[in-house]
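The form predicted alone is given below as one chain in structure tokens.
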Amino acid sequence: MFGLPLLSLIIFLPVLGILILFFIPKAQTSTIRGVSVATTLVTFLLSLLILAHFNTAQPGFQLEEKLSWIPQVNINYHVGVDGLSYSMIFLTALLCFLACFASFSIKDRIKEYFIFYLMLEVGMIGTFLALDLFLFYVFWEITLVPMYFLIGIWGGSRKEYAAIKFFLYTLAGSVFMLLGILALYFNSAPHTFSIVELIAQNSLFPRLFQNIIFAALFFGFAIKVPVFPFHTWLPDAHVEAPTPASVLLAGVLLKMGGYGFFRISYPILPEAAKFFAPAIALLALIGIVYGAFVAMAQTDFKKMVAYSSVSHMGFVMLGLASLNPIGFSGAYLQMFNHGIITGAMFLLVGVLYDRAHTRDLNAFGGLREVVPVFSGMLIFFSLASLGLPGLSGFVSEFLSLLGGFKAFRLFTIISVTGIIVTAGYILFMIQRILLGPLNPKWKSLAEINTREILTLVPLLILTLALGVYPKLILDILNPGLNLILKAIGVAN
């Protein structure tokens, strides 16, 4: 249908940007930033071009590219896109482009920073498009290295500790995931790493084998989500990471874990998905409520948003555990919406920190008087985060709860507590930062600038559009989600 290998182009275009950066002297910071922005912009435009050649009504994978890679063990370079992967590459390309502008606040070792930044984009997009488990694992691991350095070099005062903790947690999960992938390969007939072929063979895997492999993959994906109690690396990583890295960490990297469940664990291991559903629902409940209560207790703005991610991603796991079309739609939509809303929240945290050099919520007060545009942006995205009807966060949480209620009534009723607490800590945060008497220390605080506004406006438009008309993305997602439900053996 289209001559160019669009999927390979969007995966490896940032590599071209990296190669160009290698030949630019490190003193030419403006050129380095310009090349990086141009690279992420063209990558984003490619994501729109893929949509133009994508049939949203057609289930299954499109624009597939397959080349023999390591024929001795039947490993192929196999990529393809469906609604699930497209929504994630659009989100990745958009956030990488916007966070690239936020990266202008980086002042040290700029050339190295953008090389790692673009390498991270390669790994994230590749993960969402891989249809071979070996290739999936390679791209998954590629994301680990640049994020480690982005935190460890350009992070805050405890950056080394946070980077090592992130690295060790993710690596530990990856080891279990690799063992599970190898077990799937050796128990398939013929031996294959192809996700499509393994889904077709899912009825051949014994239930005990499925349970063991599901548990192995669970560690890898759950740490990334992060599911309680594997979440403890996240607040440290977020607090110490530079703002753009926090945006990509919350907006994209956490989604890789959820995507792994949807793409690999559930369709390939359907009996295990049913067996572990109650346990996953329980962990989702704990994550929703625990994350919200811990967020309420925070005085560090960034740590509050980080713990809110633990709570919000709990809705993804609740919808996933429901094993029904409504819950699945809510869970996947929540992944997308969380990326947009929380990405914007971290950008706003960065705006405030760049000016005030503190994230202590108790140090502010009355800022609406001096930074009204910033205040309006913060209120908008805060209300989206707490799930205000009319904004995108409400739709996905509602569908997740509705699907969860059909499967786990008691767990879902208790989970609603998390929504109430979320409203509490969000409104308490707004009160401490924007309301009350103005702290004289901030009477000359600079308003949000044009560059920073432009990074937020696309996210604002998406949040509003999907809140009013979620069918825009649900029509893209549902054919792929229905195929997963069919593979699990659930009527849709």
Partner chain sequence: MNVAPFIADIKYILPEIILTIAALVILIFSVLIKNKRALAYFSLASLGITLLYVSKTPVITTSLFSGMLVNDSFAAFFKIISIIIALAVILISLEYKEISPNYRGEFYCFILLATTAIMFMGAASNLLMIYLGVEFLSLISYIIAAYWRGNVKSSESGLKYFLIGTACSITMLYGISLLYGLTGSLDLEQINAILYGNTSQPAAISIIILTILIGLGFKIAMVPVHFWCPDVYEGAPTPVTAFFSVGPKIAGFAVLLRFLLTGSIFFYEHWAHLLGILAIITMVVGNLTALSQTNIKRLLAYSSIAHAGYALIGLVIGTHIGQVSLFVYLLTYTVMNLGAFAVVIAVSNKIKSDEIKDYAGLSLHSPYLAAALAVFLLSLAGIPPLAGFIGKFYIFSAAIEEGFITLAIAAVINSVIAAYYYFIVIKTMYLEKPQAKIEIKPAPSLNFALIIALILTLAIGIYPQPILDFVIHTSSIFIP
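Given the structure is predicted, the values throughout are model-derived calculations rather than measurements. Numbering follows the first chain given and starts at 1.
The protein also exists as the form predicted in complex with the partner chain; that form is not presented, and the subsequent description refers to it.
Residue-level contacts in the predicted bound form: of Trp69, Phe54, Trp442, Phe61, one residue has a heavy atom within 4.5 Å of the partner chain, and it is Trp69.
Among the residues Tyr259, Phe381, Phe364, Phe134, the one placing a heavy atom within 4.5 Å of the partner chain in the predicted bound form is Phe134. Contact check for Ala183: a heavy atom falls within 4.5 Å of the partner chain in the predicted bound form. Using a 4.5 Å cutoff between non-hydrogen atoms, Leu208 does not count as a contact of the partner chain in the predicted bound form. With a 4.5 Å cutoff on heavy atoms, Arg451 does not count as touching the partner chain in the predicted bound form; it lies far away. Residue contact check for Leu204: none of its heavy atoms lie within 4.5 Å of the partner chain in the predicted bound form. Listed stretches are 94 to 102, 274 to 282, 159 to 167, 261 to 269; the contact stretch with the partner chain in the predicted bound form is 159 to 167, by a heavy atom cutoff of 4.5 Å. Proximity to the partner chain in the predicted bound form holds for all of Val73, Val138 and Glu141, with the criterion being a heavy atom within 4.5 Å.
Counting a residue when any of its non-hydrogen atoms is within 4.5 Å of the partner chain in the predicted bound form, the hits in 163 to 182 run Ile164, Phe167, Leu168, Leu171, Ala172, Val175, Phe176, Leu178, Leu179, Leu182.
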